[in-house]
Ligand SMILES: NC(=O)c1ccc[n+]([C@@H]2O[C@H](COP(=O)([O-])OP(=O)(O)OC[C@H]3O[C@@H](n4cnc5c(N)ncnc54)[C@H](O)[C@@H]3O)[C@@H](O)[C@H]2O)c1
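One chain comes next, on its own, written out as structure tokens in the form predicted alone.
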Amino acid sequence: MSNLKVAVIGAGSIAVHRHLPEYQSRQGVDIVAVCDILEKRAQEVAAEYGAKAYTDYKEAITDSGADLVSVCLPNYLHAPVSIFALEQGKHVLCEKPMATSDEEAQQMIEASNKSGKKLMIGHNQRFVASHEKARELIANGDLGKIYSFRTTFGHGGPEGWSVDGAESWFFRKKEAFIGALGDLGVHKADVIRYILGEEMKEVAAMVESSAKENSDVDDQAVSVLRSENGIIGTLTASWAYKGGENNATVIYGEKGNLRLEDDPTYSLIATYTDGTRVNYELGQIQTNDGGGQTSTGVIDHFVDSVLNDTKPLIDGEEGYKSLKIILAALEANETKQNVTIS
């Protein structure tokens, strides 16, 4: 069987640090196209991977003969580029948040269904060992009834990570649509749904733009979520955690609690009401400064889903459910009322 060909659209940090190296280390995949609106950037990155450089995403998707397309672009371009690629018969891995509205998300899912091609959203936190283990413990009933949770993702902001630093599209509402909530909050919306195995039904939120000077998007957000079975908890996203990254989740249940990514040594600590405590050393979560696990697991899962013709763990429907929580948080902040997710 010939190798799968991949086109990576967008040559910023997420492509350079995650998608491209993970495709390269994967057997049976050839990187054939790298596209970026900045020609010099496209050429430099493409040369590194022996791929052809493009500045027009449509050409990169059609002319390269790609089977797979990674969409690593500013948020407002996720839907149009993904839909185009799906319509061209390509399997698509799109970065999160998948879209900037309900309508866009639904159009992406429709394009995937119509073309019969895979659509996966890059929610890498589902592949973190501590999150997978916590999901298993909860599903097995080890914690009994779940009452509450708190989940956080915060760091100093995308200027420390983005290839364009403080000039990054992340800070421009026209291109980003949403700030810390879309960058970090949507990760936690996705992972809390995954760990608990429940959908969120109601959202309250407070959102601020107080930490970044040349920005018109949110950089602080705290949401309160209620699940379909009455589990309540908080979701926090921040670009103002100056003392280092925080990616912790705590789950409180009838028989004990779980602390995930909240300890420097143990990625999961289970403390039970009978006095027992289990420390799991499962490897630390990947961080933006190069710490933790070396692979996100996203690329491998995407490629496997294509090769084996299986449904990706985070398909369009799953990505949409996580996006809905974030859209509801924005609406709740604007209306100053709780929002019910239909």
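The numbering used is simple: start at 1 and walk along the sequence shown. Please read all numbers here as calculations on a predicted model, not as lab measurements.
Another form exists, predicted together with the named molecule; not displayed. Remarks below refer to it.
- Relative to the named molecule in the predicted complex, residues 127, 131 and 297 are all farther than 4.5 Å at every heavy atom.
- Contact annotation: residue 24 falls outside 4.5 Å of the named molecule in the predicted complex, judged by heavy atom distances.
- Of the heavy atoms in residue 31, none are within 4.5 Å of the named molecule in the predicted complex.
- In the predicted complex, at least one heavy atom of residue 72 sits within 4.5 Å of the named molecule.
- Contact check for residue 161: a non-hydrogen atom falls within 4.5 Å of the named molecule in the predicted complex.
- Partner proximity in the predicted complex, defined as non-hydrogen atoms within 4.5 angstroms of the named molecule, places exactly one of 31 to 39, 306 to 314, 273 to 281, 61 to 69 at the interface: 31 to 39.
- The partner is absent here; in the predicted complex, the one residue of 190, 95, 218, 261 having a heavy atom within 4.5 Å of the named molecule is 95.
- This chain lacks the partner; the member of 236, 168, 100, 112 within 4.5 angstroms of the named molecule in the predicted complex by a non-hydrogen atom is 168.
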